[in-house]
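This document starts with one chain, in the form predicted alone, laid out as structure tokens.
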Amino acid sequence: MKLEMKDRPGQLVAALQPISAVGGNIVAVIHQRETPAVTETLDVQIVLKLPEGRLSRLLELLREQGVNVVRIDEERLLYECTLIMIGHLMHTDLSDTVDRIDTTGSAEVTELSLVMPAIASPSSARITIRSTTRTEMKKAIRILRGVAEQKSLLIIEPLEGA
């Protein structure tokens, strides 16, 4: 959550109190003061966990404190699949492979672990994809299969139901 508030003593505490009041847990607070202050407002990013159904009450309490909520990001990538890719991953532009999945807007490569035994030898990578829905996960895996076919890569997929 990104918040904008007046740059005055006590404003940060005033913004954090409503989170506690609704049963939220603050994971991180990122506050960076610009020097010299160009505006009279301050941007603060807060990473937090909220119990189900408490967001609307939190937003109401923040507004009452004079805190403007600029952006709210929720965890949206709920489905995860880990696959293995084998082949000349670096020579066939690994970033392009990742970008083709990431540009869907509904699936992203969230983890990538690469092993390169030698320059001329095939490399292997463990790739984790997260998506918004099962359907979008299937779409992302189809994209990866297509890329693998174009680039002569081997994809090892998890067994269904295993």
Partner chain sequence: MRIAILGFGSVGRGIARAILAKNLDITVTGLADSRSGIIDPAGIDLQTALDQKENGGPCGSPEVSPADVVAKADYDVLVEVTPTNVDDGEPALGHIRGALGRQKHVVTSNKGPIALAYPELRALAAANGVFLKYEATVCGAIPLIHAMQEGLAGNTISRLYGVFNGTCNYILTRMAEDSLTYEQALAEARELGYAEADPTYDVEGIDAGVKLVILANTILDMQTTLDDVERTGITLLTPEALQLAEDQDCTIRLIGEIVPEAGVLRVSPRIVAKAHPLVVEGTLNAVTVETDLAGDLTFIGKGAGSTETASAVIGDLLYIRDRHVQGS
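Positions refer to the first chain, counted from 1. Owing to the predicted nature of the structure, the values given are computational and were not obtained by experimental measurement.
One more form of this protein exists, namely the form predicted in complex with the partner chain; it is left out here, but the text below deals with it.
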- Task: Specify the contacting stretch among 23 to 31, 108 to 116, 61 to 69, 129 to 137, defined as having any heavy atom within 4.5 Å of the partner chain in the predicted bound form.
- Result: 108 to 116
- Message: Within 4.5 Å, heavy atoms only: does Glu157 come near the partner chain in the predicted bound form?
- Response: yes
- Query: Would Ile86 show up as a contact with the partner chain in the predicted bound form if we use heavy atoms at 4.5 Å?
  - Reply: yes
- Query: Is Arg145 a contact residue for the partner chain in the predicted bound form, using a 4.5 Å heavy atom cut-off?
  - Reply: yes
